[in-house]
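Just one chain follows, in the form predicted alone, and it is written as structure tokens.
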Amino acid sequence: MTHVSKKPLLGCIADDFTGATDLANNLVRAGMRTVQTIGIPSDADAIDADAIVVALKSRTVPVEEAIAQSLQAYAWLKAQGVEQIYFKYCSTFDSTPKGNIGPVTEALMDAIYGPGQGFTIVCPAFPENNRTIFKGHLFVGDVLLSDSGMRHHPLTPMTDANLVRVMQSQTQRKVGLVEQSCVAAGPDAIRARFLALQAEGVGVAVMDATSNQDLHNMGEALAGMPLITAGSGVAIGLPHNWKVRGVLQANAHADTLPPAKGYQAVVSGSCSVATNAQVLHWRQAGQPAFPVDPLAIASGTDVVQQALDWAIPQLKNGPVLIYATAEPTAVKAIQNQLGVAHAGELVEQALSNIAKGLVQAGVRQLVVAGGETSGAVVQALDVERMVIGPQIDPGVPWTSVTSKVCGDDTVHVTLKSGNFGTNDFFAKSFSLLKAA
């Protein structure tokens, strides 16, 4: 199908790699041809797509570094000619009291509108994945964010579900709220509320959302807003704005990937509740699994080689799992011994080297669980761009990449946010590729 648009319409800056594919997945499902870049491209060549997602690894880096990366991504996207900028963060609003979501939002607003000027939204809601916002409070399923497993996150523990309060602690601009009753009333009511908040001096508005319809209402009201900050859910309502203008024609085959081949493996570094359940499900089913011990890595043991020596002979028999996933108490004990940052770096480096070794051994279908792990793995595989394919579970698609590690051969990769996916996600992922 011929596309009307000549330049990309939407330019997205994602603060981690799984979040980037999550966002790209929603755009592809809405019929937007979407290209995801790994980091900021070094060239200024025009990209033929309706949407571009620049995947950064900026969620947990120092604030100044996150701001610098995000502004560089914005400048590159602006040069591509995009109409709207979308700063994407996690649906559980992963941050610390110092940032990075608030400071990056402010820096982008200053760059787009001018210092201290402008207006944008905050909305990590994704009802399809049980992330909803009501009265400014973020819920994970039926519990407040602060009562969910996110309160134990090793890098960004979330102990306050009030997003107005959390965001206000991270930004100099005044933060307000658009309540769910207003969102449900439709786009005109939302736009009127935006104007009222701006008259009160509000620069950032937290948006309630409890259903996909809320996201569609919101999407229509956001037409023409230069900057949006949100999780991936808000993206489902944006493509409509360009369709009604006649500059976008939905592509029903936007998620087509090349046929899958090669061996299968899972590399898991996430310690979220969901990923713990997925690892347990895999092991209880009697599937082969190898645990990575951070303390062994720290002691000098060549855990990478041990894992590869264990895995490679088994690949011909079916998929294998290599994991550093653990329960919160075990993670805390390791962090107490090694330090939070050092423990994370050791695991990321080991898992990324294991993934690289697996691909060199013939793995061409690779599931990676965890945002930080995904970032490290994609960088180790020297991937520059990802083509977004079919959805496995809400927020998690397969992608195809070319990796210099295996001579520019095609590798199918899925980058799963730690919090996403059903218990049988790992096995289901490979079944989907086989069926396709």
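Just so we're clear, the structure is a prediction, and the values are computed from it rather than from any experiment. Numbering starts at 1 and runs along the sequence shown. Take the two forms, find the largest set of C-alpha atoms that superpose within 1.5 Å, and that set is the rigid core.
This next part talks about the form predicted together with adenosine-5'-diphosphate (ADP), which is not shown.
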Just to confirm, with a 4.5 Å cut-off on non-hydrogen atoms, which of Gly231, Gly102, Gly269, Gly237 contacts adenosine-5'-diphosphate (ADP) in the model of the complex?
Gly269
adenosine-5'-diphosphate (ADP) in the model of the complex has a heavy atom of only one listed residue within 4.5 Å, and of Gly219, Pro294, Pro319, Gly262 that residue is Pro294
Contact of Gly344 with adenosine-5'-diphosphate (ADP) in the model of the complex (heavy atom, 4.5 Å):
yes
Can you tell me whether Gly418 touches adenosine-5'-diphosphate (ADP)? I mean in the model of the complex, with a 4.5 angstroms heavy atom cut-off.
yes
Hey, in the model of the complex, is Gln36 touching adenosine-5'-diphosphate (ADP), heavy atoms inside 4.5 Å?
no
is_contact(Leu138, adenosine-5'-diphosphate (ADP)) in the model of the complex, heavy atom dist at most 4.5 Å:
no
For the chain shown here without its partner, which stretch in 283 to 291, 210 to 218, 320 to 328, 68 to 76 has non-hydrogen atoms within 4.5 angstroms of adenosine-5'-diphosphate (ADP) in the model of the complex?
320 to 328
After fitting the rigid core, is the C-alpha of Pro124 off by 2 Å or more between the shown form and the other one?
no
For Gly19, decide whether the Cα shift between the shown form and the other one is 2 Å or greater, given a superposition on the rigid core.
no
